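Here we start with a single chain on its own, the form predicted on its own, put down as C-alpha cells.
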C-alpha cells in the first residue's frame, strides 16, 4: 500500500490532498470494496500529516459514502449502491423544485422516455407486464379524491417502464425525475378536468405496445403523453 499512502508533503490543503489520494485509489480499484484502511495513526505516519488534517479528509470521504467508519472495527471502503446515487439526485431536485425545473424535467422526459418505452418493448419480461398492468388497474380503482395516491401510482408506472428496459443506467437517471411526478402532477393537474381518464387511456396504450413488443408504437404513445403534459404545463403555468 506504499504507493497509495506515500508521503504527501505540506503544499496546499493537506486534507484535500489526502481525500483525493484515497478517492483515486478507490476509483482505480487499488482499494477494493470492503478493504480495511490502515489505522489513523498509521495513515498519519504514511502521509506524514497531522491527525487533524487526516480526520477532516476521512470525514469528507465518509460523508460522500466512499468509506465507512465502524467504531471499534476500523475504516473500510464502502460499496456504492444505486440507491445512494438516486438519493443524492432526489435531494438536489427537491431543493431545486420550481416552475423552471418543471419545464426542464418535461424537456428531459420528452427526449428520453419515448426511447425508454421503445427499449422496454424489446426487453420486457412477463413480470414487467404484470407490474405495469397492476399500476393501470390501481390507477383506475383509485379514489378520485386521493390525488396523492394517483400521482404515486403514475410514478410507479413510469418507473416500471424504465425497469423493463433492464438498463441500470436508465433507472439511475430517471428514477429521481419520476420521484418528482407526484409534486408536478398535483401542481399542474389540480384543476384539469378529465385528466385521470386521459392518463389511464394513455397508460393502457403504452402498456399494450410494450406487451406486443411494438417498439415504434410504444415510442409514439409515450411521446404523446409527454406532449400532453407539456401542453397543459404551458397553458396553466406559463
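In this text, all values refer to a predicted model and were calculated from it rather than measured experimentally. Numbering follows the first chain given and starts at 1.
Separately, the form predicted in complex with another copy of the chain exists; it is not shown, and the next lines address it.
For the three marked residues, 30, 32 and 128, no heavy atom of any sits within 4.5 Å of another copy of the chain in the predicted bound form. Note that among 195-203, 41-49, 208-216, 166-174, the stretch whose heavy atoms approach another copy of the chain to within 4.5 Å in the predicted bound form is 166-174.
Note on contacts: among 75, 151, 105, 142, the single residue with a heavy atom within 4.5 Å of another copy of the chain in the predicted bound form is 105.
In the predicted bound form, another copy of the chain lies farther than 4.5 Å from every heavy atom of residue 146. Heavy atoms of residue 101 reach within 4.5 Å of another copy of the chain in the predicted bound form, making it an interface residue. At the 4.5 Å threshold, heavy atoms of residue 116 reach another copy of the chain in the predicted bound form. Proximity of residue 137 to another copy of the chain in the predicted bound form falls outside the 4.5 Å heavy atom cutoff. In the predicted bound form, another copy of the chain lies within 4.5 angstroms of at least one heavy atom of each of the following residues of 40-66: 55, 56, 59, 60, 62, 63, 64, 66, in sequence order.
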